[in-house]
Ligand code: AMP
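Shown next as structure tokens: one chain only, the form predicted on its own.
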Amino acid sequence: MNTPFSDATISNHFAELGSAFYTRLEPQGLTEPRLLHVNAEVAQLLGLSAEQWQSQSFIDMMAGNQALPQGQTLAAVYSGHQFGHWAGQLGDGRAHLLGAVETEQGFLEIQLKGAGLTPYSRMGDGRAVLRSSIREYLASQAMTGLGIPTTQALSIVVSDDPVYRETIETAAVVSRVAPTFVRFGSFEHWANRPQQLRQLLHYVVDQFYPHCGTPGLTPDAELVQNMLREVVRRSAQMVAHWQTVGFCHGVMNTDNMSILGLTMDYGPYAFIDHFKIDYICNTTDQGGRYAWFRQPSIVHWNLARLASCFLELCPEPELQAVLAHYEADYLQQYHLNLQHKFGFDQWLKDDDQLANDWWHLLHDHQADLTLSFRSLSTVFEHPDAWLALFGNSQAAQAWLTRYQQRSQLNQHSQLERVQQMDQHNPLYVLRNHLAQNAIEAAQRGDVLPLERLFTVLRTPHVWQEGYDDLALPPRPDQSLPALSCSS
């Protein structure tokens, strides 16, 4: 058997930026690591056979005990705004980039999270616990299954090494995969140093946005505008997807915003069960800055912070002109998502009011977001089942009457409507209580609940026999409070 990645083409293109952008260092691996779970689809994308990812060599690489063949392990530096305030220098405090592997989708970087201290760990220990690692691992799979842009997870490796949090927990390392982990904060770090800022701009355009121009030939101001236009569009689309599945990120700081518009850095996130417009999933967020309804405006605020980095390379009016596209980009994706989820063949002007009233109906009844959307597809045949989700209220009946009248304007058939809705309204989402069940079982050495949840999240729109319990909302005794940033 070949050593994992021994036949792969490995690139260290981020390392080629130079030592100002990172620190070269080896991870602090785990003691006697064990493979808890592997994402076979991501492993296959990276060119790994089952024999390879089951090998001790793979486990050692993913635990931080063995380097990627030809890789140059490093931790990146960046800065950022946290909860609206400038936090200064941050960086990969518990992340190690191993290198990038060539795949049919291009080069994909592999990053270990939880493999020990770096110069950017600040007051942290550089470790991750099993609890938070499982949450990140499952979140990446959930978003992938929903078709929402995200970093992906390759594996979880565990150990009996103690980690000290509110209690003593055990250590784990989750390996993350993405084309790049460059973030808004990466540019913020160099905002007043035009030479390095220009170097990072050229790198990102050359590697990830080549259609935006040719560094060295295209004027920098034009490169900035073209790249920023792409980041605005992708970020707007990303948060529109979040809103329409009821996903709350919880820590939308600029250092947690991907330059590629990927959902990244999963911490105290949540998929809303009992819907509230002002739902907050993070106990650290005392002022509700990152509540569900504020997420689109926060993404715009973060984009403005990114744009301000380029004031020495591009005139402010041009930057403002690019940012002005955000609202239209967001609404285009938001309306398209709701068009699909409501089963409409087009979005009409008056549909905005119907949608606004929908969110208020969900909020007033604290109805289950996922099941309320899902059961709309059969509401003509089974209105009582849908109304029961809203306590058979008069308000729900009035909204349903308007919805049924609007649906009559469709040109496609009833069958096409149902098929469209079931393809865009998931039956299974990563509810907090399901993640907690998987965590508690894994802590006991039982990986089956994790595997069951991982299976349904792969195809969340398709009913799967034997998994009905994973489509149910939490019982009152299963509901979990908001989570903290340590989650």
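No experiment lies behind these values; they were computed from the predicted model shown. One-based numbering along the sequence shown.
Note that the form predicted in complex with this ligand isn't included here; everything after this is about it.
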| property | result |
| --- | --- |
| Contact flag, D220 vs this ligand in the model of the complex, heavy atom cut 4.5 Å | no |
| Interface membership of K341, this ligand in the model of the complex, 4.5 Å heavy atom rule | no |
| In the model of the complex, S258 touching this ligand (heavy atom, 4.5 Å) | no |
| Heavy atom of P383 within 4.5 Å of this ligand in the model of the complex | no |
| Contacting member of R135, H189, R94, R374, with respect to this ligand in the model of the complex [4.5 Å, heavy atom] | R94 |
| Answer option from H360, R402, H412, R165, heavy atom within 4.5 Å of this ligand in the model of the complex | R165 |
| Which of 294 to 302, 385 to 393, 82 to 90, 321 to 329 sits within 4.5 Å of this ligand in the model of the complex, heavy atom basis | 82 to 90 |
| Residues within stretch 111 to 143 having a non-hydrogen atom within 4.5 Å of this ligand in the model of the complex | S121, R122, G124, D125, G126, R127 |
